[in-house]
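Next up, structure tokens for two forms of one chain, structure 1 and then structure 2.
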Structure 1
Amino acid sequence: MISADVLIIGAGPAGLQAAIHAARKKVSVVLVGKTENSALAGTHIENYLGIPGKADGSEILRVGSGQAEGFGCRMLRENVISAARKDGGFEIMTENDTAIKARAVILATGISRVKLGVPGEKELFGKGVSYCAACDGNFYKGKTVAIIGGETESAASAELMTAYASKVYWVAKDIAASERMIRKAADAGAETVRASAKAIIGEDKVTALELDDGTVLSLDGVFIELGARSSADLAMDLDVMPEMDDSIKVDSSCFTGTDGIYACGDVTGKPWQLAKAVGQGAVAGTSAAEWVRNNVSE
């Protein structure tokens, strides 16, 4: 069990800046997340104050991670799979089964791509296409389904669906989930198919999934589970109700309205800009550290 005064979920610019500001307030800080999942990774920035030309987003994240660690933040490069309130604080579980106990939490999860963008997806939503295995698994008892996505949420969903469906394909070209989660899905009976989805086929309901290698899988349901556990789901685990567009409302101190929980960066809504993420990160890190210092007795 790891303990922290302030736990930050998300390793993008908002989370890293929050880590720097919280750590400088002399509280213990743990950050959980993968920098490569940040929207900044792989992009170029030319509208950030003081950085001329086109700055490499991945390099900003790499340097920022080093700065956060330099100020004493502990970094865990993995995804969070669940969060809960516990013993007056919070407990977070990661994909490697690491439990982290925290007094305050900063949600800096960014926005994740939810839609796959393939033919048939929009037309067959609610007719065999689903974005929530936990919600809709029960409708597929004894049926054949595919889970699409290569990150932790798809692995968890593939494992979950083996409890309902008679056959579960886990369709992913590249798999970034932890070895532990891959093994759990395989042990439960999910069959891994290393390909990308090309089209979802069906008239009034889903009947098949076409893959980029030409294979066509006959099935009844397609669950699209891209990325890590969504910020909206994590927020609800912690009693923070997201807006209908999945953003999390905060006040000027980045406080969510739920004691001990702050949010910053793209997850708080538009504009989705580096400058805003960094600014809110500084505010959220400071606010969370001050809240811990003012409200938690040793």
Structure 2
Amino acid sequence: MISADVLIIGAGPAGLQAAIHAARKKVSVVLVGKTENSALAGTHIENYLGIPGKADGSEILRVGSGQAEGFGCRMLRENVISAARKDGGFEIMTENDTAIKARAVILATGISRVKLGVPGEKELFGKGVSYCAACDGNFYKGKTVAIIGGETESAASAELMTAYASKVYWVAKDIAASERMIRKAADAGAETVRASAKAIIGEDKVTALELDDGTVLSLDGVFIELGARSSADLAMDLDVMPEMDDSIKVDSSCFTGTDGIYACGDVTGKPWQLAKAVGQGAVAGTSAAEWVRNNVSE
């Protein structure tokens, strides 16, 4: 069990800046996330104050990670699979079965839902297409479903859905989830299909999934889960209700309205800009550290 005063979920610019500011307030800080999952990774920035020309987003994240660790933040390059309120604080579990206990949490997970972009996805959303197995799994008792995606969230969802559905396909051309999560999904009975989704088939409801190798899977539901657990899922785990667009509403101090929980960056809504993410990260990190100092006794 790892203990921290402030836990930050998300290793993008908002999360890293929050880590820097919280750590400078002399509280213990743990950041969980992978910089490669940030929207900044692999992009170029040319509208940020003090950076002329085109700056490499991945390099900004690399340097920022070093800065956060230099100020004392402990970084775990893993994905979060669950979060809960517990014993007056919070407890988070990662894909490698690492438990983290924290007094305050900062959600800096970025934009929630990653779209697949295939025919039938938009048309059948809510008619068998879902982006959250944890939210909608109960509707598929005794049904056949497919989980699409190769990351941690999809592995966890494949395992989860075996408790509801009669048959679970885990569809992914490439799998990047940890070996532990892959084993858990397989042991639970999910069948791995190494292919990419080509189209979701159905009229009034989902009836099949066509794959790029020509295979057609007859099924009742498709769960598209292409990254780590979404901000909306984690927020609801922590008793924070997201907005209809899955963003998280915050006040000027980045407070969510639930004691001990703050949010910053793209997860709080537009504009999705580096400048906003960094600015809110500074505010959230400072606010969370001050809340721990003022409200939680040693």
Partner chain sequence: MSVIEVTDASFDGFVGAKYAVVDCWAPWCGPCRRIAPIIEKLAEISAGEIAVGKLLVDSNPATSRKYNITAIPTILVFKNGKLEGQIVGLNPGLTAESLKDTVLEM
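Computed from a prediction, not measured in an experiment: that's the story for all the values here. Structure 1's sequence is the ruler for residue numbers, which start at 1. Throughout, rigid core stands for the largest set of C-alpha atoms superposing within 1.5 Å between the two forms.
Here the chain coming from the form predicted in complex with its partner chain is structure 1, while structure 2 comes from the other form. Relative to the superposed rigid core, Arg180 undergoes a CA displacement smaller than 2 Å between structures 1 and 2.
If you fit the rigid core between structures 1 and 2, you'll see the Cα of Thr152 move by less than 2 angstroms. For Lys122, the CA shift between structures 1 and 2 after superposing the rigid core equals 2.4 Å.
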